[in-house]
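Quick setup: one chain, the form predicted on its own, written in structure tokens, and binding and motion questions come after.
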């Protein structure tokens, strides 16, 4: 016991023994939220199992095997049992496994989970936060539906679970477990767990730190993955109606533990470990996302000398670093601008010199052509003057000839 802590006995009743009741009353007043992600092939029974788990009929949409890409459909419902209100969100994968490219199948699921984390982180980083009435959409539990092949996991199953095990609590379930025999089912469970361990896939283990549930959780961890059968149809067995699937050879009772593990799944998921799933999502998966995101932004708890650094100091350092980088880029842009202006001026001067040279050449050619034209004009004028003189001489000779002919005619008449 610490030396600075003293144990005192109370002289009378104080009243802090009502603290658990206060927490219960406050929680009941606020209500709870729980988000389940169902991953599995089309037609494997995801919607039917959800209806059976919560004993209601959710809005179900039939989907085909011809979806071009995986889509996630989230439906939120407000449920009430006794005086406890639960806001349940069921996220269903539409078209999962129908694509040729495996990455196109699991990447939308990863992106959806990260978007919910990012949304919560942005709300936390706001100056004026409202987390008390914030609708928490982070995925608390992922039910991964495994096809009852009886052989081994598909490569898509391993790849998807490996990508998701650090982001969400994965609970593997064998769907439609009434399609394989009990001996094959037992071998199939062992095979699945062996493959998960050998491939390093970390599935959700029911917690053992709480003494009140450690024994039952230890037993249930040995039953993973749960082999489940879902059905909302009621069949008469003896003198009572039970949820079951009726076949020509007999009846498979959903809530009979000798027939399937549905009751185990419901007890572990809802009755015993729902709060732990919510807590693990916040303290483990979300904290990992938050830490990686803040480290990407440059925030750290310690400096290079391992001394503690406050968020404000880190912010101021990053801000100063950003301003220095901004100034550096501004100087580089200014220098680049000056350099480009100089290059442009040199290009313009070179173009101006070329234009001047071209102008001088054209001027010289113009002068030469003008001189040639003037020479041609002078020669033409000389030819015209010479032609005029010859014409005048010819006309004079013609006139003289006409005069001489006229005199001769006159003489003849005489």
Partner chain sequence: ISQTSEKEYVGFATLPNQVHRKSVKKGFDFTLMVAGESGLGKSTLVNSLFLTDLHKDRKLLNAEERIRQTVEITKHTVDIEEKGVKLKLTIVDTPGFGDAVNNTECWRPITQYIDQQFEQYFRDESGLNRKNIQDNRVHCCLYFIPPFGHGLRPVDIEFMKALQDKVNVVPLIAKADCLTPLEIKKLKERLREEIDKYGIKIYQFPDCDSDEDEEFKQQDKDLKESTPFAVIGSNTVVEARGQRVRGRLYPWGIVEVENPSHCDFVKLRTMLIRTHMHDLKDITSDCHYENYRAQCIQNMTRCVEMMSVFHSPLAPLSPPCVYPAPLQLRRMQQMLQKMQQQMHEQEL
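All of these numbers come straight from a predicted model, not from anything done at the bench. Residue numbers count along the first chain shown, from 1.
One more form of this protein should be noted, the form predicted in complex with its partner chain, which is absent from this view; the next part is about it.
Single option in 159, 220, 88, 270 placed near its partner chain in the model of the complex, where near means a heavy atom within 4.5 Å: Of the candidates 159, 220, 88, 270, 159 is the one lying within 4.5 Å of its partner chain in the model of the complex.
Contact residue in the model of the complex, from 205, 181, 313, 283 (heavy atom within 4.5 Å of its partner chain): Here the answer is residue option 181.
Which of 315-323, 100-108, 132-140, 212-220 sits within 4.5 Å of its partner chain in the model of the complex, heavy atom basis: Comparing against its partner chain in the model of the complex, the contact stretch is 100-108.
Partner proximity in the model of the complex: residue 252 to its partner chain, non-hydrogen atom cutoff 4.5 Å: Yes, contact at 4.5 Å.
Partner contact for residue 248 in the model of the complex: its partner chain, 4.5 angstroms, heavy atom: Although its partner chain is absent here, residue 248 would touch it in the model of the complex, with heavy atoms inside 4.5 Å.
4.5 Å heavy atom contact, residue 201 to its partner chain in the model of the complex: No, residue 201 sits far enough from its partner chain in the model of the complex that none of its heavy atoms falls within 4.5 Å.
Proximity of residue 154 to its partner chain in the model of the complex, heavy atoms at 4.5 Å: Close contact exists here: in the model of the complex, residue 154 approaches its partner chain to within 4.5 Å, heavy atoms only.
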